[in-house]
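First comes one chain, alone, set out as structure tokens in the form predicted on its own.
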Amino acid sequence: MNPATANIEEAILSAILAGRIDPGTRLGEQKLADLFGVSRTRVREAMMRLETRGVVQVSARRGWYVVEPSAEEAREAFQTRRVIETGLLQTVREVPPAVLASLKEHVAIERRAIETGDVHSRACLLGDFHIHLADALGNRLLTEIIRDLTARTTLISMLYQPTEKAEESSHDHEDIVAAMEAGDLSLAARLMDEHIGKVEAGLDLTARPDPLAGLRELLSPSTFAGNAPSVPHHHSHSHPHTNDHPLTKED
């Protein structure tokens, strides 16, 4: 793979995992080409790879944009994560001391981010725990799969989870690591299954976000409360064929 393509792909995936890119964000080819100093062909290659990884889509009208998973896709993503991550723990025979130390340090960093109120860092760290766990246990293929799934569930949480239960998630991670340290990997697997289930249960999948919410708010009469713009009078000498309405242009 071309290094430039890999850099674009990695930058976008990392930003999604960190919660810095919202679902539905448009990813303009020319802007990305300018930003990374590459051709639009290279950008397109990166976008196509991200499309196969399930984090971007393309349409004739919008071009490339970050996916907005449906409720059904959300359920599938969490079900897949439960199968893979509990399965990973069930197949481990023993956990090396260095892996345990690394995971405990990660949980400690999570706790600090929560205590200091660093919202972006804690969101990134909570998702990264699952990627770090797979990576620390030495399975590169599963690490890549879990990373892509975590990116999807990060976007899902942004769409369907109004309040993040960060502290509860971090406690769950702590309990999973404690079970691993005690050598009870079946308990660790069960706790992982329960943890992912709780995160999914915290989502309101019945409330599909309103795609027109932003525009609806902008055009709501209440937006102009106390300072409504004046409305021009229509005189008979106005030009009927002139159409200069600000909303007629596509952006």
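Here the structure is a predicted model, which means the values were calculated and not measured. From 1 onward, residues are counted along the sequence shown.
The form predicted together with the DNA exists for this protein as well; it is not shown, and the discussion that follows is about that form.
Peer 1: Of the listed stretches (198-206, 66-74, 185-193, 28-36), which one has a non-hydrogen atom within 4.5 Å of the DNA in the predicted bound form?
Peer 2: Answer to the contact question: 28-36.
Peer 1: In the predicted bound form, is there a heavy atom of the DNA that lies within 4.5 Å of any heavy atom of residue 53, even though the partner is absent here?
Peer 2: Answer no; every heavy atom of residue 53 is more than 4.5 Å from the DNA in the predicted bound form.
Peer 1: For residue 2, is any heavy atom within 4.5 Å of the DNA in the predicted bound form, or not?
Peer 2: Close contact exists here: in the predicted bound form, residue 2 approaches the DNA to within 4.5 Å, heavy atoms only.
Peer 1: Mark residue 49 yes when one of its heavy atoms lies within 4.5 Å of a heavy atom of the DNA in the predicted bound form, and no otherwise.
Peer 2: Contact with the DNA, no.
Peer 1: If we check the DNA in the predicted bound form, which of the residues in 52-75 reach within 4.5 angstroms of it by a non-hydrogen atom?
Peer 2: Contacting residues: 58, 60, 61, 62, 63, 64.
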